[in-house]
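Shown here is one chain on its own, the form predicted alone, set out as C-alpha cells.
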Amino acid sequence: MNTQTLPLARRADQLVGSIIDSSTSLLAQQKHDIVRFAMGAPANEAVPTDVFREIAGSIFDSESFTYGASEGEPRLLNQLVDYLATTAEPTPAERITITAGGMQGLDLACKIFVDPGDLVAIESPTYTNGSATALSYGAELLEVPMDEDGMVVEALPDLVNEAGRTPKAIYVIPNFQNPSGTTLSVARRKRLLELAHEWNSVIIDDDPYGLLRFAGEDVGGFHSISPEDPLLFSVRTFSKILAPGLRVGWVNTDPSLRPLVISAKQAMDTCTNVPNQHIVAEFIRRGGLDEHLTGLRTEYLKRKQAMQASLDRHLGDRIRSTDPEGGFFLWVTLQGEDAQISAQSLFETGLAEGVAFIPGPALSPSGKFDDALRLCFASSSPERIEEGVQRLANAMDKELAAVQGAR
C-alpha cells in the first residue's frame, strides 16, 4: 500500500467548496420526490429554451466554435453595451470583460486583490461561494452583521478596529442579497464608499439580482453614487436572468485594470464559452431581454407571495421571514420553541420529508445561524411551493418533538 503524502499547496485546506452547489449532487442521489427550495436557480420554465434552440440553429458558424477574445466576443460586448445604455447602469466597453458566469468574476477579483492573510469584510450571512473564493486565496474573513437595510455598515469601523487592520476588500451583494433578500440602503452605500476610500479597500460589488426588482423603488447603485470609481469591482451575470448553464457574465472595472483582468482570465480559461456568448448576443440583439425580464418579475413576485402565504398558513408565528422586493430568496428564522431546532438537523429531516433548503450555518463561514434557513421561491410553482412548505412544517413538527423528548 502506497502511504506517500501528496505535496499539497498550503492553500489546499482553504478550498472549502460550496454546500450550496453540493446540494445539487445530493438531490440527484435522492429516489423520492423533493420540492427544491435549495439552489438559487431560475425556474426551468423561465428559461427561454425554445428561443435559444432557434438561435443556435440559425447563427452558428465556424467562428462560433474556435477560441475567442479573452475580453469577450465583439458581438456580445457591443450588444451588452447597447443594452446597458438603456438601464440605470450604462457601461462603456472599456470597462467590461466577459466572464464564465459571476463566479469567475469573484475569482478574478480575489485573484487580483487578495494576498494570503489579507482581511476581507463580508456580510453575515452571505453567499458562501463568494467567501469561499476569498478563503481560497488565503483571506481572513471579517463577518459584518445584517439587518433589514443590508450590511450594518455602521458597525464596520468598530469591527475593523477590533481586527487591528483595515480590509483589503469588502464583499457585498447590494440588491436582494443572497441569502437574506435584503437591499443595502442608499445611506449605507454612500458610507461604504467613504470607508472604502478611507481604507483604500476594494468593494467587490456582486449584483446578480439587480434587474429582478418586482416591487418598491429602485435604489441607486454604487456606480451612480460614485461614477468611474476605481475602487469598485462589479460582478454581473446572465445566470439569474437567462440561464445558469450558459456560464456567461461580465465584470465592470476601471479601464486601467482591464488588461490585468484579461491576463488573469487567460491564466484560467483563455476565453468564455464562445457559442454561448453568441446565443446571448443574439438574444439581446433581437430585443427580447426587456420583455423576458418583465415576465420574470411578474412571475417571481407571484411565487414570493405564494411562499409567504404558505408560510403564514402552515407555520404562522413559528417563523419570521424577510420580505424582499426582488431576487430569489426568503430568509426564515425560527421563533419561540422552534428556535431550539437545529437547522442542520432540520435539513436532514426535511430531505426525508421531501423538501430541500439551505440551512443557515452553510451561509456563514463561522457556522452561525443554526436557527435560520434560506428558501428559494423562484424555482418552484405556487402549487409546488404549497406542497414544499407543508413538508417543511411536518419536518419541523418532528424535530420539535425530538427536541422536547430529549429534555
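All values reported here derive from a predicted model rather than from experimental measurement. One rule holds for the numbers: they count along the sequence shown, beginning at 1.
Omitted here: the form predicted together with a small molecule. The next part is about that form.
J.: Find the only residue in 300, 127, 222, 233 having a heavy atom within 4.5 Å of the small molecule in the model of the complex.
T.: It is 127.
J.: Tell me, which of 280, 173, 170, 109 has a heavy atom within 4.5 angstroms of the small molecule in the model of the complex?
T.: Contact check passes for 173.
J.: Can you work out whether residue 247 and the small molecule are in contact in the model of the complex, taking contact to mean some heavy atom pair no more than 4.5 Å apart?
T.: Contact check for residue 247: yes, within 4.5 Å of the small molecule in the model of the complex.
J.: Heavy atom to heavy atom, is residue 265 within 4.5 Å of the small molecule in the model of the complex?
T.: No.
J.: Verify the contact flag for residue 239: yes if a non-hydrogen atom of it lies within 4.5 Å of a non-hydrogen atom of the small molecule in the model of the complex, no if not.
T.: Residue 239 belongs to the contact set for the small molecule.
J.: Closest heavy atom of residue 331 to the small molecule in the model of the complex, within 4.5 Å or not?
T.: No, residue 331 stays farther than 4.5 Å from the small molecule in the model of the complex.
J.: Can you check 308 to 316, 82 to 90, 200 to 208, 187 to 195 and let me know which stretch has heavy atoms within 4.5 Å of the small molecule in the model of the complex?
T.: Of the options given, it is 200 to 208.
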